[in-house]
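Given as structure tokens, the chain that follows is alone and in the form predicted on its own.
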């Protein structure tokens, strides 16, 4: 093994950590607002069924929040162990943004989550509703700061270079509201909405398969399906806008997403292919002529830059190309099921078993789309850690291949056990249903 192997292991280990971590905030960001809806419905109606539903999903939220905290702490240590060059060069920007997330969001969530879980009979009703809203607000603020940092790494602006090559924020407003941030933040919040709504619908469907008479589960199934049916088309629109923004600021990523090897005009849209990195071509390609140029430039004859234009600093094509199609394919499937389910259950109709099985099978579908999108975002930025400023190889530490391989193996085993345990607990809670 050599230095390249160590770098790949370090990237794989951090990718595993952040990939595992992102599963849980993707749920809690939107689930917190769904809890607000459940709590307000109880406060306004006094219906005990809404209270039972709220109590059930607060348990799911608390468990998911705890998983996110534990995995996030592990991930933060790797900045020092695997990527010391990152904090050395950009710590003056990354450090404050991460600190803002803790000070303004995490403390808010952690404090009022206790009120949500244990304070129902200890504080006035209005205070309990307020606590639920503050936790939901805290999750959104947390995403704001994290995505501000990630977006700045993708499209860095507002900084100056000090002596020794360290980056210092010259304009914090420009750093935070960098060119890709509005699109990335909106895209992530909608992705969370889809993930959480399918989790709610899927676990509710699982309950109904075992207890068809459970009215509360049927109500939450409909709630999840309707939210997904509304959010999914919005995600399509925002995704298109995000793609146009990426074309403007990260054209190399678009070249990888669309597997455009040579700069050309009238570029076809490659629906599917097997990218051949060695020969710089697409094997077994299924294409629609000129459609990529039409979608990205609104001109069927427009020129799009290919991988050849960005070499040797172009990202790997195959993982970005394939992950993007997994994300889009899963998104289309989720959109179709949400609309179909909403239509089938319209007017208070009971859900047939085939719809219940479909939603149950899609319980964690949001995770697949989210992870695929994350791979597109992060691998598509390579070889840069901070685009145009800091290469990934320059930030890597000096940890050897053996300890990296051993710790990576340990992480895989530990996270696999944690994930299985988490999913077993969720299905157990869903199987019991909302207890009045």
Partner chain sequence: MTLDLPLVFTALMGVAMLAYVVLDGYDLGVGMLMPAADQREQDLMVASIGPFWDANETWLVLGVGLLLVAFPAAHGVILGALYLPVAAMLIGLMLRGVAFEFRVKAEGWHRELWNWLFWFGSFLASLAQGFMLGRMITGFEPGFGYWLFALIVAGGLCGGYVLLGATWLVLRTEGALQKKSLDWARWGLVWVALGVALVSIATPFASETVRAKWFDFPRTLALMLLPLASLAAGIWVWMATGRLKRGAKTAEWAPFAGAAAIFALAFAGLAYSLFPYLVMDKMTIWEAAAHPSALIFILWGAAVVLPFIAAYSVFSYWVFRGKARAGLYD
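Given the structure is predicted, the values throughout are model-derived calculations rather than measurements. Residue numbers count along the first chain shown, from 1. Under this definition, the rigid core comprises the largest set of C-alpha atoms superposing within 1.5 Å between the forms.
Same protein, other form: the form predicted in complex with its partner chain, not shown, and the subject of what follows.
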Of 301-309, 214-222, 351-359, 71-79, which is the one stretch near its partner chain in the predicted complex, taking non-hydrogen atoms within 4.5 angstroms as near? 71-79
Counting heavy atoms only and using a 4.5 Å cut-off, do 40, 290 and 319 all touch its partner chain in the predicted complex? no
If we test each of 237, 99, 286, 161 for a heavy atom within 4.5 Å of its partner chain in the predicted complex, the one that passes is 99
In this chain shown alone, the residue from 335, 295, 117, 174 with a heavy atom within 4.5 Å of its partner chain in the predicted complex is 117
4.5 Å heavy atom contact, residue 104 and its partner chain in the predicted complex: yes
Would residue 122 show up as a contact with its partner chain in the predicted complex if we use heavy atoms at 4.5 Å? yes
Just checking whether residue 95 would be counted as a contact of its partner chain in the predicted complex - the rule being heavy atoms within 4.5 angstroms. yes
Is residue 111 one of the residues lying within 4.5 Å of its partner chain in the predicted complex, judged by heavy atom distances? yes
What are the residues of 411-430, in order along the chain, with a heavy atom within 4.5 Å of its partner chain in the predicted complex? 411, 414, 415, 417, 418, 421, 422, 425, 428, 429
With both forms fitted on the core, give yes or no for whether the Cα of residue 45 moves by 2 angstroms or more between this form and the one not shown. no
Residue 383: Cα shift of 2 Å or greater between this form and the one not shown (core-aligned): no
